[in-house]
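A single chain comes next, written as structure tokens; it is the form predicted on its own.
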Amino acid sequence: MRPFRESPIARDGKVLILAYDHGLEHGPVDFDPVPETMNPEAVWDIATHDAVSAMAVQKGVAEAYYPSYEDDVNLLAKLNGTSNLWMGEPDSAVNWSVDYANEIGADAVGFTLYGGSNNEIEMAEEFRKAQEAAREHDLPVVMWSYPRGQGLKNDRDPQTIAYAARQALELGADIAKVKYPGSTEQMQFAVDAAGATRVVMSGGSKTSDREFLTQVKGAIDAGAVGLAVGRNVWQRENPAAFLDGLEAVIYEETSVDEALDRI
């Protein structure tokens, strides 16, 4: 692992990844609340906000739009992903190589692992190839560590989320993206389990300003280094203002009330 503060997708040792891989993973339905976000340029524009340390997208969106934003946005190449039309046991197709992501200009790579899926072994082997190729190019690796599958009863159980964070460490990820388990104490358990791997909170479905900022504050207080968020930013009518609030909580570690005053 490279020293985290030297990571191109970190700012002062913290991370705010704006995720926009939803068009593949969820389909157009995620753009309904703010229809202009169907146009990738609208979200790339949001990603130029100072709070955003990287933008996570799939190959086609990177190819088509990143050249126009490479001076203002760090690219996190999301290497795998599968449509919501897929109805089988959780799996994720590898859609582009680390070598090609590096050629396009990626500053980091991301990879989903569904621990607990019947396809976990195959996915872990695919992650190994991606992780070792990323090391050759000195690219940080972010694991979307999402336990999921027919044998998993509760993917938000604190033990399960801590296991997901530990799995990211064991397999060589620099950053583990995990769901918020519900409290600062439970999130700290996941952070401790991750060891040298940094932990970021997954944004999830849109909630109220206060509710979401409270969760982010809880994650930061637990030792997480930041957030990987999509809908809770670009599904808002004023995403720049909400990023001002997130910037306060993540980078300045303000209170939730102070952050709300900036929105």
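Worth saying up front: this structure is predicted, and the values here are computed from it rather than measured. Position 1 is the first residue in the sequence shown; the rest follow in order.
Here the subject shifts to the form predicted together with a further copy of the same chain, a form of this protein not shown in this document.
Site residues 93, 118 and 147 are all in contact with a further copy of the same chain in the predicted complex, judged by any heavy atom within 4.5 Å. Although the partner is absent here, residue 31 lies within 4.5 Å of a further copy of the same chain in the predicted complex, judged by heavy atoms.
Under a 4.5 angstroms non-hydrogen atom cutoff, a further copy of the same chain in the predicted complex has residue 131 among its neighbouring residues. The closest non-hydrogen atom of residue 242 lies beyond 4.5 Å of a further copy of the same chain in the predicted complex. When contacts are judged by a 4.5 Å heavy atom cut-off, residue 151 counts as touching a further copy of the same chain in the predicted complex. Counting a residue when any of its non-hydrogen atoms is within 4.5 Å of a further copy of the same chain in the predicted complex, the hits in 79-111 run 82, 83, 84, 85, 86, 91, 92, 93, 94, 95, 96, 97, 100.
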